[in-house]
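One chain comes next, on its own, written out as structure tokens in the form predicted on its own.
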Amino acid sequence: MTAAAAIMLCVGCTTEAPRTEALLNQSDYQTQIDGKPVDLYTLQSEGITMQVTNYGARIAGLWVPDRDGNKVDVVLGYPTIDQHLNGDGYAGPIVGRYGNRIGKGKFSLDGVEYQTTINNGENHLHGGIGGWSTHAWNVDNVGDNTITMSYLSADGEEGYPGNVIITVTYTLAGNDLILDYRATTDAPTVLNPTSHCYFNLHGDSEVSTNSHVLRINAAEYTPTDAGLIPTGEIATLEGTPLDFRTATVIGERIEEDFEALKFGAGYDHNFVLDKSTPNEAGLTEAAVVYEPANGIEMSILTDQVALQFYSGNFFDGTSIGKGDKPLCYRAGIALEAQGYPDAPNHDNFPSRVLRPGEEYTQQTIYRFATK
């Protein structure tokens, strides 16, 4: 779909200032999925408010202050669980077992070839047709500012080996949203979980995120073929429209004549993070995104080696989200802390293999401020 066609589909898209929205209704999220109760939970800190459901462990709403003190919901999504079930399945969940893509769904581990489900052209994306985003998670603990959820991903699910237990804890602290992941397996497997929120710092799915100013702490990326599967090369960003080492307006170069942008219909690329200066917790600043219109700034700190930046290229206004507003073309960006896509098929990429007796851990922080 061309940019012009998508914009035409998104009738009613505006550039008006966003309106502060009320919290989502808990009753609109209460149901049963996989024979388990699904609910909506509200967490609060001194600075921010989050609503999260155990359907896919997904963030349903995240309210942060703008420069005038108004609370703005900066994640796209839907007002009811039924709309989540029938809408974009990647609005806010934890995706896995392997976030991002695996070429033709195949990989070999310890001499055994595995075939995962195909759900993205000829490739496997975000855990497959029945990945983690499609299941009800257990709620293990919930407090005023924190919630812990877990899921047992059974041996053979979507073609993956081993029984994997994944646990994710969301914690609000001041203006920080902290994600802590832990996972174990009883057989060798591959693992690459990530949070898949679509962010819009305007707080309005009718207003393009092309106005956001983005900086990514990366000098290299992993080029792909037309199906967005890495070639195995690690290439410099120098001199390309993908170079965000200097803060740049997202829409400034998004339509440039550059093969990688054509493959993704915009930005949909894996950035190799500069890990040379971690803090005491082992986290580095992966990216900072800022919206000049309201002063909201979001920084991402992570212990992961890469960040996928997706610029909402396939929103077309046909899905209706919160506030009865369409999800318009390029009105939401994903910034996914992760390992490299298709890493099981490239020996030169950092390994994403998890073995019995090991524990997978990840911490990623979304930190909000105003300018």
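Since the model is a prediction, treat every value here as computed from it, not as a measurement. All residue numbers are counted from 1 along the displayed sequence.
Another form exists, predicted in complex with a small molecule; not displayed. Remarks below refer to it.
Note that among 196-204, 109-117, 166-174, 213-221, the stretch whose heavy atoms approach the small molecule to within 4.5 Å in the model of the complex is 196-204. The listed set Tyr310, Tyr29, Tyr340, Tyr55 contains one residue whose heavy atoms approach the small molecule in the model of the complex to within 4.5 Å, identified as Tyr310.
Only one of Leu228, Leu301, Leu179, Leu191 comes within 4.5 Å of the small molecule in the model of the complex through a heavy atom, and that residue is Leu228. Using a 4.5 angstroms threshold between heavy atoms, Tyr90 counts as touching the small molecule in the model of the complex.
Remark: Tyr41 does not count among the residues lining the small molecule in the model of the complex, judged by a heavy atom distance of 4.5 Å or less.
Heavy atoms of Arg101 reach within 4.5 Å of the small molecule in the model of the complex, making it an interface residue. The small molecule is not drawn, but in the model of the complex it has no heavy atom within 4.5 Å of His124.
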